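Given next, in structure tokens, is a single chain: the form predicted alone.
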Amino acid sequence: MINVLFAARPERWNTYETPLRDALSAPGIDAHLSQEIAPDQVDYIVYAPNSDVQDFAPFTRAKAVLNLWAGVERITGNETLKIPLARMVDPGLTKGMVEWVTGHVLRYHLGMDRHIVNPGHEWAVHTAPLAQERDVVILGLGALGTACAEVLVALGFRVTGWSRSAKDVAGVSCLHGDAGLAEALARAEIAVTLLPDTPATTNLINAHTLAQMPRGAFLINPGRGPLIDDDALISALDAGQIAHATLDVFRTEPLPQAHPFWAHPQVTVTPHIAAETRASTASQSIVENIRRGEAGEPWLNLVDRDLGY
């Protein structure tokens, strides 16, 4: 019998209990799922970083921690965690992110705001360039960034992707490292940030990097709030260096009512809705890693503790 501890907020149990039990009922898996299992009897921990479990030392039998969140920045520094940690890569979350990013890229590409909001009832004709004439840059070529890049390529956009280490994505001009970042930003008529939150990415979008983008560029951030220096972005918006920003994630959430993003006419705030983990598909991903663990196969989506993702 495999003992699987569900370590997340109580309300998440109501969402995940049935999908996880259904997934664990697959042939060849004999598992007991519960919110309460003695630590020394736990084989796998299905985990949310905001749960009450913060000390992993008592889980002497556990083989892996299977994160419910795509983000792992709140757990990678836990010194009591000595066993493998897998981040969530959920097909449902990925599809949701692709649709959200594509929608906002098309909004900026087509100049939809000029048509939808038409002050003074003016007949304002605006013809957008074709996608093949527009440069879109994806900062971050992990699972989410790669999926978004592939769909934008299929729509005909000139897509550049940047990552810290070298990547290869069909149809995407892939750059990496500091020199690659400068080159990518110089092309970024529309930039989408899908990087993890690590010390190396904090304030990556700052006064210097914003100035490297074409004047009048657009910024879309569904990645992590700390990627952006808020004050630098506001200054770039006020100066016209950045035409508009759509922001879905913030350093403090919910975004405080006094934050200037709320009232800025060139900022669109969305309430962290770009991508949600779907319990049905996420449960399948979790159980696949349990199957792999029992079969001695490599884990999926294993976190590199040194890199932080």
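So that there is no doubt, residue numbering starts at 1 and follows the sequence shown. As the structure is a computational prediction, the values presented were derived from the model and not from experiment.
Omitted from view is the form predicted in complex with a further copy of the same chain, to which the following refers.
| task | Look at the stretches 89 to 97, 193 to 201, 75 to 83, 169 to 177 and give the one with heavy atoms within 4.5 Å of a further copy of the same chain in the predicted bound form. | result | Only one stretch qualifies here: 89 to 97.
| query | Which of L181, A207, I234, A131 has a heavy atom within 4.5 Å of a further copy of the same chain in the predicted bound form? | reply | Of the listed residues, the single hit is A131.
| task | Please run the contact check for Q35 against a further copy of the same chain in the predicted bound form: heavy atoms, 4.5 angstroms, yes or no? | result | No, Q35 is distant from the partner.
| request: Give a yes/no on whether R158 approaches a further copy of the same chain to within 4.5 Å in the predicted bound form, heavy atoms considered. | output: Because no heavy atom of R158 falls inside 4.5 Å of a further copy of the same chain in the predicted bound form, the answer is no.
| message | Test of understanding: in the predicted bound form, would E276 fall inside 4.5 Å of a further copy of the same chain by heavy atoms? | response | Heavy-atom contact with a further copy of the same chain at 4.5 Å: present for E276.
| request: Indicate whether a further copy of the same chain has at least one heavy atom within 4.5 Å of a heavy atom of Q266 in the predicted bound form. | output: Taking the distances in the predicted bound form, the answer for Q266 is no, it never comes within 4.5 Å of a further copy of the same chain.
| query | Using a 4.5 Å cut-off on heavy atoms, which residues of 6 to 31 contact a further copy of the same chain in the predicted bound form? | reply | Counting only heavy atoms within 4.5 Å of a further copy of the same chain in the predicted bound form, no residue of 6 to 31 makes contact.
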